[in-house]
Every structure is written in structure tokens, then in C-alpha cells.
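Encoded as C-alpha cells, the following chain is the form predicted alone, with no partner shown.
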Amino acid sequence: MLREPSRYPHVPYPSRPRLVWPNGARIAVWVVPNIEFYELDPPTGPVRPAWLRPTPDVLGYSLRDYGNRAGIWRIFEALDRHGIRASVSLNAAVCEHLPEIVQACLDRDWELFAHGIYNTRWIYGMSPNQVREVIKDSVETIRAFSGKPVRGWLSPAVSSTEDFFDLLPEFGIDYTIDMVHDDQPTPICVKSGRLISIPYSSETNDIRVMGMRGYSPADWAKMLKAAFDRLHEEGEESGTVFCIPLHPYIVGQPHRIAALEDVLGHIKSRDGVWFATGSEIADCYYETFYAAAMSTAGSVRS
């Protein structure tokens, strides 16, 4: 299913049912902090080592630890200031190792969804049963801590196996953000149950833009505002989704956090914006558009 592009049909914008968000909003905006736990000396993965530098990669590890010690608290302050709830892509190990961070998310009524157990353990090369154990552990650990359902999934390092999408609905997962193929939610083909993809972003992801490609915070903010403005404009015809992916060790740095404040202020100044969590977007889509989308997909060539 992954070796051929058959997880979702090709349905161009003009062929889709019109998507309308609550209260006639043009665009659904969701903020996704990736709160992660990295091991200093993780098991060697089947594709490549989790750390690019030789182990122990003290520099790589401590940089990521900075995000949990300092960066995430700046993100809390920024989102609090703008009255925005987030949807957290959470490594389950954070619940055990850094419970005060998870509790701070719950105190703000943020959504928690699963991002595997450790960010240094990927699912490449795992058998279906091994993947099931990772999903089960992730979901049950987060649910036990929060007391709330865990409905979303992002694989650690966006790692994949041939059939892991088919396994997600077995554990109550009904949306994934592992794919970045669209600006609207789309149904994903699975063997049983149902699953949708909610738009995420690799193009405006802070880790790729600033951490890997070296763009300045001002450049990153400019990209985000340009993307939002275009999707807001297009949303007049059919509702769009704008995601702001964040990594505390990147955007939470003191020289970058003001760029996030700039972006949030820009978005808050516009009308027709629905600030939502992943589950709220999924609920609206399932209740109002999923059946029509599936019907349209069935009539369009894959």
C-alpha cells in the first residue's frame, strides 16, 4: 500500500465537496508542539543510528533537552498570551520522565496525541506485531496520564512500515499527520475502521526551515504568514487547514520565540479563523464531510 500511491485517491480541489468550517470560518488553524524525549544512547535502528554524530552525541542530546528545560515554557507563554490551545505530538516517555510538562499541557486543556514512545526509536523494519506494541504503549501511557482518549498519531521521525496505517484504527486512532499531501483533511484507505489525514507541514516546520536549512527567524515568520494568507484567501471557496508545527528546542530559543509571537499576532488579527485542536478538526470533518469525500473518492480515478 505504501510502495504504490494507493493510500488516498487523487481528487483535485475542483472535484471535492465544498468544505465549510464552524461559524463559516475560512480556515482551521492548529498549533502542534512536538514534545519529545530523546535517549542519549538509544538502540541502533534498522535504517541508521538515531544520532548523526557518534554516540554519545552530547551536543545533539543536550540541545533537545534544552527544549524541555527552557524552550517549551516560552511556547506556553506565547500561546497563553494569545489564548490559543495546542495539540501536542507527544512521545509517551515524557509522561514518565517529565510529567510536569505533560501536566502543564493538561492544565491548559491542550490535546495530547501519540508520537511514539521515544523520538530515538523509529518503526522502520518492525513487524506488524511490533508496531502494534509501540502504538498500544504510546496510546495507553498517554491515556492513563491524561484520562482522555488519544485520537491522533505522528510516527517518531515520520518513520513508516508498509502497513502501520492499517493498525492505527485498532487503537482508537482516527487521524494521522504522517503525510503532507494536501491542505484539507482527506480519507486514508485502511483495511478496517476509518482514518483521515489532517494537514501538517514539512515546508514551514521550524526544525526544517530554521534548524536544518538555516533560515532566520524573520524568514520563517514571513513564510508562515505568506502560507496562512494564501490559505485564508483560498478558504473563501472551500475551507483549508493551516498547521504550525513547533519544536521547543528550535523555536523556543530566546532569539527565535519573538518570531512565533509575530505569526500568532498576524493570524489573530484576521477574521474567519477557527483555532482548533486536531480532534476538533477531525470531528467536524467526520460529521459533515467524510461521507461526501468518500463518495467523491470512489467516483474519481486513483
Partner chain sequence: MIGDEYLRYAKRGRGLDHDWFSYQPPAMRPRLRWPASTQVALWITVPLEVFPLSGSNAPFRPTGALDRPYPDFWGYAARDYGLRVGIFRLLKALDRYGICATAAVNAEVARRAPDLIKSLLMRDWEIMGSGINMATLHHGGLDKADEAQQISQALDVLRPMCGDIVGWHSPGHSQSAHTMELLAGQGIRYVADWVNDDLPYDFHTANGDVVAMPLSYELADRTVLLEHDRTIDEYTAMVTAAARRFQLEASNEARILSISVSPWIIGYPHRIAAFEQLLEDLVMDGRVWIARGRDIFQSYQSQMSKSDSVAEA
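What you are looking at is a predicted structure, and each value in this text was computed from that prediction instead of being measured. Numbering follows the first chain given and starts at 1.
The discussion below concerns the form predicted in complex with the partner chain, not included here.
From the list 168-176, 213-221, 226-234, 196-204, the contact stretch for the partner chain in the model of the complex under a 4.5 Å heavy atom rule is 213-221. Taking the partner from elsewhere, every residue among E39, I117 and S127 has a non-hydrogen atom within 4.5 angstroms of the partner chain in the model of the complex. In the model of the complex, at least one heavy atom of I257 sits within 4.5 Å of a heavy atom of the partner chain.
Heavy atoms of V273 never reach within 4.5 Å of the partner chain in the model of the complex, leaving it off the interface. For the chain shown alone, S160 is not a contact residue for the partner chain in the model of the complex, no non-hydrogen atom being within 4.5 angstroms. Contact annotation for G265: none of its heavy atoms lies within 4.5 Å of the partner chain in the model of the complex. Contact with the partner chain in the model of the complex, judged by any heavy atom within 4.5 Å, is made by just one of H82, H97, R108, H181: H97.
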